[in-house]
Structure formats: C-alpha cells, structure tokens
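Before any questions on how it binds or moves, here is one chain, the form predicted on its own, in structure tokens.
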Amino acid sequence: MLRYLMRRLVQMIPTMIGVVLITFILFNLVGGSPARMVLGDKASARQLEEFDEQRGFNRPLFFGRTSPTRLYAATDFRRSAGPWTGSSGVVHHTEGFLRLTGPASVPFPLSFAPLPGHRYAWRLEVRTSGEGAALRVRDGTRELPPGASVQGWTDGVDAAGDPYRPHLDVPAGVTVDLVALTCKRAHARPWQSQWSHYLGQVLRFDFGTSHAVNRPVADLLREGISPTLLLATPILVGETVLSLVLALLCAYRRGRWLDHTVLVACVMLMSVNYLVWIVAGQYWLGYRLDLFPVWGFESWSYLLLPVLIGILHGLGPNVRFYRSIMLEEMNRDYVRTARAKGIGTAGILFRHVLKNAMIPVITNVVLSLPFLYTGSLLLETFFGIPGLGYISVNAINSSDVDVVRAVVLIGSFLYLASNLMADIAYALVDPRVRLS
C-alpha cells in the first residue's frame, strides 16, 4: 500500500500544479483588477498602486522586465489630451498629437509621486521642427535634433530621495509634436512575476492578508475551521447513518406502506428549498416555540437547530440514492445464494447487501468531505456561526480577494485528497479491490 500511496502522491503533483495555475489565472487575469474590485472606483491611483505593490499584482504576469503602472494614465491622443489637459503651453490637435512650442518646460502629468525605490520605463515618440537648440528630456537628458522622431526611448530612474518627474524642455524657436507617450514599471529580474510570487506564497502556506479585517488569511482560516467542523461533521454523520437505515428499511419493506411513506417524504424534502427550511425552522422552533437559539455560537446548544435542519435537508436525495443501490444489490446472485441457504431477509440486508453496497456509499460520502472545510454557507450565514462558510460569504460581499482565493485553493486540494482517501477505503471494505 505504501508504494501505491507514493505513486498516487507523485501523480497528484501535476494536478495540484494545474489547480494552482487555474486559480492564479482566475484571480489575477480573468477577474480584472483585484485592486479595483477591493478598493472601488473612487480609490486614487496611488492607493491602487500601493495595493498592487503589497500583493505582487504590479509585476509581470509570468515573465518580463516591464509591467503596467498607474503612474501615468496612457492616452490615445487621437481622442483627447488626457492628463495633459490644462498643461501650460500644450495644444491638442485632432490629428492625433500634442504640440508644444518653445520656450517651454512642461512636466509629465503624473498621477502621483513615484513610489520610493521604483524604476520606470518611458516610451516617447516625438517630432521636432525649427531652428536652435534641440529638445531636452529631463531627467535622463536626451538631446533630440530638429526633425527627429524617437521611439523606444527608455529611462529608469530610482525614485528614492528626490521624487522623479521628467520634463519636456522646448527651447525658443522649436516646435515639438508629442505623438505617443507610455510608462511602465521596470524590473531588474524578469522572473520576479505575479506567478512566481503566488507560487512562493502557496509553497510557504502564506495566503496573504485580508483587507477587510487587516489580518493574515491563515489566522482567519484556523479560527473558522473549528465551528465549521463542529457543524458539518454531525450533519454528515447523522444524514449518512439515518439515510442508510431508512434505505435498508425501504428495501426490506419494498412496496409496502413504509416504503411508500418514506419515498413521499423524500420527495417533499427534496422539493422544498433549503432556505425555506432554515427560515421555517428559525421561526417555528426558535422564535415561536423557543426551543433553540437562532443566532450566535456560544455553546453546543447553538448548533442543534442548524444540525437538525442540515440532516433533514440531506435525507431526501440520500435515502432515494441508497435505496436504489440496495434494491440493485438485492437482485445479485449472492443474494439468491444466501436465500437458498435459508438466511432471512433481515440477515441478507444487514450482513451481505449493506457490505457490498459500501462502494457507492463511500463515493457519495467522500464527495461531501471537501464541503466539511467550506461548511454550509447558508446555515452559517443565517445562524451567525463564525465558520469558514460565514467567512467566505463575508469575503465575497466585501470583495476580499485573498480570502476567497485561499478558500477555493484549499478546497481544491482537499478534493484531491478525498479521492485518494476513497481509493483506500474501497480496498478496506471490499477485498476484491486491490491497491496496485
């Protein structure tokens, strides 16, 4: 078995890397700007830049020496002057350029003072005309002779100390047409990307910091796992045991009033929405009859009502599923052999059928194990239980990207682990299954 486990763990590595990659793409690329989602549309460019800096979102996605920055708002001069609007000595032409006539010294319209220690790469395209001195770009002086058109001019200046703010110095008698200007963040090491940053966090089990409560995400998950397990474990065990007992009774009394009554009750349980059971249970059992507390997590009594509702809601589909499995096993050859030996129906059901039906039962239970981690979102939210489901809902409502990403990632890993546990359980309950 040890050899099998080692081989399965090795086989899981590519899958886990794929899960990490998909999670990275979903939260870093597909979803748009995490900073904008978290801070909102009214956040300043500097606030957005600092958010990206803290979480590594201002790096290249996978590889590169430059990445986007909000230091300068890139503008299509064919449409407008953008941040240059109102700059002294600058005239916007609808042909798609800005005209500067000397003498003039025009600073670049930056969104904020460059962050300390950062370097920026500028790409400048200009056309000069006129007599006299050449155009001068500060800082990083570059002399452009009259009539020149320069593209790909790159300059990175360390912003530590005196803030870096480049200027266009236009001498008298010189006209400059600014056709294009872009700015990007420059990086010394091209492999220091968002992907490498995120992968390093995963390997260190560092899930970032929740912006909503300004605490490490790992601490929030550790605090939420206990309430979630205390709620979800009794629900899983209770609904599994009761479902198996009722399914066996239905198979034992197939076609009789007990079987019909249980099936009708299962259909009713499946037809009513989960939210209805929660609201009805809180109103009748909690408020009107005052049998259970309906909000909080101060003692075990606060879990009784949500556990009861969770078990009742899960009985409907589980009983019908397990009943169909039991009836299918009842038609197997080994059942006819057991009857020929004189074994009663009860003995066949509980000693033979139940044992041979454990494979699909284990599969159904194992598929539910990852949900023990995330908990029941609705139950924890409506009953105020501070578990992982409650934390996840609050994180979604507040666009807390780090928390949501951590919950999704760990849930995916638990799903892989539960599949491995299912294979081991198959071999334990069925000697025909061999781990090889």
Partner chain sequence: MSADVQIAVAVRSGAWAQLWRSTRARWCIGIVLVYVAMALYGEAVYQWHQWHDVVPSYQHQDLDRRFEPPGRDHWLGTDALGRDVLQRLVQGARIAFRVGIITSLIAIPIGVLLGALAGYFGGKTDDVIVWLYSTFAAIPGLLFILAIAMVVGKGLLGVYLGIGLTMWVGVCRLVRAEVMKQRALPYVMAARVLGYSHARIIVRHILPNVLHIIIVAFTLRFPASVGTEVFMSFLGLGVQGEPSWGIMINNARLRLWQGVWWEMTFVTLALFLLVWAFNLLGDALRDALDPRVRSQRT
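Residue numbers count along the first chain shown, from 1. These numbers were taken from a predicted model, which means no experiment stands behind them.
The form predicted together with its partner chain exists for this protein as well; it is not shown, and the discussion that follows is about that form.
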Selected contact from V267, A172, V237, A188, since only one has a non-hydrogen atom within 4.5 angstroms of its partner chain in the predicted complex:
V267
Out of L378, L61, V38, A43, which one falls within 4.5 Å of its partner chain in the predicted complex, going by heavy atoms?
L378
Which of 282 to 290, 229 to 237, 114 to 122, 84 to 92 has heavy atoms within 4.5 Å of its partner chain in the predicted complex?
282 to 290
Distance check, Y426 to its partner chain in the predicted complex, heavy atom within 4.5 Å:
no
Can any non-hydrogen atom of S399 be found within 4.5 angstroms of its partner chain in the predicted complex?
yes
With the partner left out here, check for me: in the predicted complex, does some heavy atom of L221 sit within 4.5 Å of its partner chain?
no
Closest heavy atom of S392 to its partner chain in the predicted complex, within 4.5 Å or not?
yes
Could you pull out the residues of 400 to 423 that have any heavy atom within 4.5 Å of its partner chain in the predicted complex?
V401, V404, V407, V408, G411, S412, Y415, L416
